[in-house]
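First comes one chain, alone, set out as structure tokens in the form predicted on its own.
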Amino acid sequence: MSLEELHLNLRNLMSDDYDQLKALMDAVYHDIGGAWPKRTIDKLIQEFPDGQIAIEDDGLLVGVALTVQVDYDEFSNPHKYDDLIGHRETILNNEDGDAMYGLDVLIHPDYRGYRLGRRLYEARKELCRSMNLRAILAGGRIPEYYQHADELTPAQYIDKVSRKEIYDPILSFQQANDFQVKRLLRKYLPEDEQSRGYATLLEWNNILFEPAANVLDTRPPRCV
């Protein structure tokens, strides 16, 4: 199947997409728990609809990016995945947050190789710019680390991936999309055995970001 044969549509995720989303998440995340419950996805859609991005091909859900708003100062420092999670598997969205946090990017196995992941990342960046948010943060798995854990520390592994001496399907992709590794996260997702529980704290900076004090007030002058 060539790219020209696809009929791709980028749009926001909807509650009615859940059955397809569940199948996609169960396939991609079978080793770390599978899909979120529907109530979790519905809450994300309700609280931050623009951050839940989907790509469909003739009605088939083939790519998804899930995102929340967070406080930059809190999540640019060491944290765990559980710090994003509230009661009953709800994902905490801070509507006053000055940064975005990339939760998940999923691509249908039959649609890999069509640069859909890059398209979702670009949509996130455009949203970050349009909302005048400071950055996009993410905790990135390093799923090939288990193959090198006996001879490399996590930091050494990350360095070799950065130097393109080792290919990691997640970290290599993120670095190719202008995300920088800020630090190593320990015990980020303990059930992620492939990453041995480690993750990278990644950051993409919005160079167009204007702090509130520098944003011009465009309101008309008050009559006195």
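Don't overthink the numbering: it's just position in the shown sequence, from 1. Because the structure is predicted, anything quoted here is derived from the model rather than measured.
Only in words, not in the display: the form predicted together with a small molecule, which the text now covers.
Note on the partner interface in the model of the complex: the residue among A123, L116, L137, I91 having a heavy atom within 4.5 angstroms of the small molecule is L116. Exactly one listed residue, out of V28, L60, L184, I45, brings a non-hydrogen atom to within 4.5 Å of the small molecule in the model of the complex: V28. Although the partner is absent here, A176 lies within 4.5 Å of the small molecule in the model of the complex, judged by heavy atoms.
The small molecule is not drawn, but in the model of the complex it has a heavy atom within 4.5 Å of R112. For V70, no non-hydrogen atom is located within 4.5 Å of the small molecule in the model of the complex, even though that partner is not displayed. Interface membership of P49, defined by any non-hydrogen atom within 4.5 Å of the small molecule in the model of the complex, is ruled out. The partner is not drawn, yet in the model of the complex one stretch among 72-80, 91-99, 125-133, 138-146 has residues with heavy atoms inside 4.5 Å of the small molecule: 138-146.
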